[in-house]
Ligand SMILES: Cc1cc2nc3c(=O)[nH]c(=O)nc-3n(C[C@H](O)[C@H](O)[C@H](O)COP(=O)(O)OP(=O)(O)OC[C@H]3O[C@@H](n4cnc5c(N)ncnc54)[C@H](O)[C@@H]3O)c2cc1C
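Presented as structure tokens, the chain that follows is alone, the form predicted on its own.
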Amino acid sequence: MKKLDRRDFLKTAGGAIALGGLGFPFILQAGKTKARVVVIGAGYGGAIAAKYIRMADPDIEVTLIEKDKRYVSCPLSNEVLSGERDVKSLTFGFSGLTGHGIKVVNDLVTEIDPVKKIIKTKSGQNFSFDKAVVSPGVAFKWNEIKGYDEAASKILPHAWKAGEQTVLLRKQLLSMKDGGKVYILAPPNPFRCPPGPYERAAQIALYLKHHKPKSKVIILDAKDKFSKAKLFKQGWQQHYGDMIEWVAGAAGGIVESVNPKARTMQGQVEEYKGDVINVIPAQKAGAIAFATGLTNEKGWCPVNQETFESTIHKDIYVIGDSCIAGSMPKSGYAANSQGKVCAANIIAAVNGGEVPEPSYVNTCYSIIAPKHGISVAKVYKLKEGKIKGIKGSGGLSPLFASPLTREMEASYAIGWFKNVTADMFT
């Protein structure tokens, strides 16, 4: 494998590293293994952390453990529901990562021993580590809504983990009668991808507009406000008229129980019956974070926000949706940024170097229609040990923008996806 010099590496890194001027200590001579790093989860955070550690120092042994044989991206998966893309376009293998000298293991991690520094898997394998990176995404709080457990999700899909659930929800939309009602139950904060349920409503409406125009999409929301609300409402009205309705928590949007077989939901005000019901449950850190004792009383993982090392277990780092990352949202781009910062800190810890204060970045794109994109962006810095947004950085798409601007934002969303997944898997 060709080694990168510092300049080339920083060009490749992009994102948080480029924005923050975050330097990596580089080892220019090959030698014996210095450290064993095991990364759990091959998503937007884990794949990036594994790749950048290995690229920065080939003398660090990197093992990436992922339970699925292929990774299916949640970002852009709402477009599967409209028919604008298929799941195959969101699916990635790991050969690019093995090409960097990363050992990719297809298995489920069942236990992390933070004292003995051993990771155990479902198949009975054991992996010793000096540093571990945990990037397990989110888990669901089953039965937070009475009657909605994992079995119920086979009837009323959440589709909040892309793949089979996305395909199931798409099939239900295809088989629904014209004039039917699609309900989306938006979760309480915090949850993965704050704009996601509202982009989903638009993408479902896009399909219905062309194939079942008498139908409705109704969002029942546990909250009274949501990300990019004015931009979404403007876009919904522009492209879909009154097809999309949003019901805030204070107006009856809170659902207390569901009956999957009857396809009914009991709200605080009235009972709802839908032809298709998409329940997005309340969320918490991934299962392995709980099994390892990495979570706090609220169900998320506290970390040193400069390094992403757990404040509970030394030498275990938590990135992505499961961690508490100050003002950063739980998004794919945030996980990507955190993975790079985490990688730089592990490299520094192994080699005894220092890393400058990092910068972090996030952009959340939403596609309301094929030529109508909107976004929210922010650059973050560390202040008094917390990740906080830099005033004046990023911001929202303008509310009254030209059609060309909206079209460009939609193309930027597709371009971001292509670039970030290439960064992850090649």
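The numbering used is simple: start at 1 and walk along the sequence shown. Just so we're clear, the structure is a prediction, and the values are computed from it rather than from any experiment.
The protein also exists as the form predicted together with the ligand; that form is not presented, and the subsequent description refers to it.
This chain is drawn without the ligand; in the predicted complex, the residue among Ile60, Met55, Cys364, Ala369 with a heavy atom within 4.5 Å of it is Cys364. Contact annotation: of the candidates His313, Lys330, Lys216, Lys117, the single residue with a non-hydrogen atom within 4.5 angstroms of the ligand in the predicted complex is Lys330. For a residue to qualify, one of its non-hydrogen atoms must sit within 4.5 Å of the ligand in the predicted complex; all three of Ala42, Tyr71 and Leu108 qualify. The closest non-hydrogen atom of Lys340 lies beyond 4.5 Å of the ligand in the predicted complex. Although the partner is absent from this view, Pro358 stays clear of the ligand in the predicted complex, with no non-hydrogen atom inside 4.5 angstroms. Within 4.5 Å of some heavy atom of the ligand in the predicted complex lies at least one heavy atom of Lys67. Proximity of Pro187 to the ligand in the predicted complex falls outside the 4.5 Å heavy atom cutoff. The chain is drawn here without the ligand; in the predicted complex, the stretch among 245 to 253, 129 to 137, 85 to 93, 168 to 176 whose residues come within 4.5 Å of it by any heavy atom is 129 to 137.
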